[in-house]
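Okay, here we've got a single chain as structure tokens, the form predicted on its own, with questions on binding and movement later.
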């Protein structure tokens, strides 16, 4: 498994290198200059000269690419704000204690699990100590609050460092994306399982029809329909504004006050939910339709397999057959879909964020494309590519967890 992961990481690095080269060439030959807007302002001449020198914009495209690549992988800020002191558990807030508890629990489990299976195999023992080292390094990062940043450049639109812009918007995108993913999984997977169990029933036929309709509907139509029905018309019918259609929080969010330990109060949480519901539902609707269809097809395939017939012949309860034996193998296609959805979540739900005015990576990406802001474009594309590579590796590992027949040795 370890050799397989290393091999996949090497392939992933080569893939990212090829991706960066192709996207960079496409940007270079798309027409226009990233500094055209800045040239309209005579006061921006010093900035233009600085950007031209920093990114080699007066050089051939292949030289510009290597200048960008060198800057992209160069750290500009690697420093712990607070060293690892002898008193490991000094002044820690409530969230730091949660991190410490999680670290100690995971480390204890790691030690116990590996030494229980180590026996006389020195390689397993070495791997146990290696993983303990990884946990120690992770704890050091948690305790020291290390600061790390790469030189992804400055936005050509004058928005500041690209690193700060992307990671400032990534939290908003993940809040939206993970909420939509949770809704899609909670509803889509049980729906697909029930359709497979009740194959060709009225519920199955209706679920299939609605899934095809939803999956074939463009997401901007779903978003606008949700705005009209659940925001405008619902407010007109009830006289109460339940959901909002623009922004991430209301203008008076901070005035609602904080709760215990500085956490958001119930009023603030309600305000967030009112703004988050509609964009999350618009993304979740299409994912939900896809998950239910794949789960149904996978479940039907597994339920007709030999080992399921053997389990039925042994007289096992139907619930046990479905939950313990069929569902585990039927989840493998869903793992692939979810891993890719999480990876592409980094790019943001571009259309949804634009419709609902959500300040995420998607809106940042659209603005960068319109302004030919290639440091931002390249950073977002590379973040998506790295996410796809990483999530595919995690999906392959989960295949082995779900299906013992899968081996990577």
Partner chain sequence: MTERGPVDEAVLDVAEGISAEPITQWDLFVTRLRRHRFAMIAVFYLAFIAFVALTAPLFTCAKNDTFCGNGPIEMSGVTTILMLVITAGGVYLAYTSFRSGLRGGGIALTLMTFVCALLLISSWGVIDLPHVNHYADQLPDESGRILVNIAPRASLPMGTDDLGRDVLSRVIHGGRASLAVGIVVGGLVALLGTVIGALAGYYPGVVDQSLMRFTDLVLGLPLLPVAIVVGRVLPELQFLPGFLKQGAWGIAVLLGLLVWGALARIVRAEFLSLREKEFVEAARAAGANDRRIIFRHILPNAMSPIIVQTTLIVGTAIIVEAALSFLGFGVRPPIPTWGGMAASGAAIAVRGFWWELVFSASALITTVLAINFIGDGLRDALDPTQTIERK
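Note that the coordinates shown come from a computational prediction; the quantities given were computed from them, not determined experimentally. Numbering follows the first chain given and starts at 1.
Just so you know, the form predicted together with the partner chain exists too; it's not on screen, but the next bit is about it.
Colleague: Let me know the one among 228, 273, 73, 266 whose heavy atoms come within 4.5 Å of the partner chain in the predicted bound form, would you?
Modeller: Only one option qualifies, and that one is 228.
Colleague: So the partner chain isn't shown here. In the predicted bound form, which residue out of 187, 337, 256, 224 has a non-hydrogen atom within 4.5 Å of it?
Modeller: It is 224 that has a heavy atom within 4.5 Å of the partner.
Colleague: Is residue 238 close to the partner chain in the predicted bound form, meaning a heavy atom pair under 4.5 Å apart or at it?
Modeller: No, residue 238 sits far enough from the partner chain in the predicted bound form that none of its heavy atoms falls within 4.5 Å.
Colleague: Mark residue 390 yes when one of its heavy atoms lies within 4.5 Å of a heavy atom of the partner chain in the predicted bound form, and no otherwise.
Modeller: No - in the predicted bound form, heavy atoms of residue 390 and the partner chain never come within 4.5 Å of each other.
Colleague: Does any part of residue 65 reach within 4.5 Å of the partner chain in the predicted bound form? Heavy atoms only, please.
Modeller: So residue 65 does not count as contacting the partner chain.
Colleague: With the partner left out here, check for me: in the predicted bound form, does some heavy atom of residue 57 sit within 4.5 Å of the partner chain?
Modeller: Residue 57 lies outside the contact set for the partner chain.
Colleague: Given a 4.5 Å distance limit between heavy atoms, list every residue of 208-222 close to the partner chain in the predicted bound form, or none if there are none.
Modeller: Heavy-atom contacts to the partner chain in the predicted bound form: 209, 212, 213, 215, 216, 217, 218, 220, 221.
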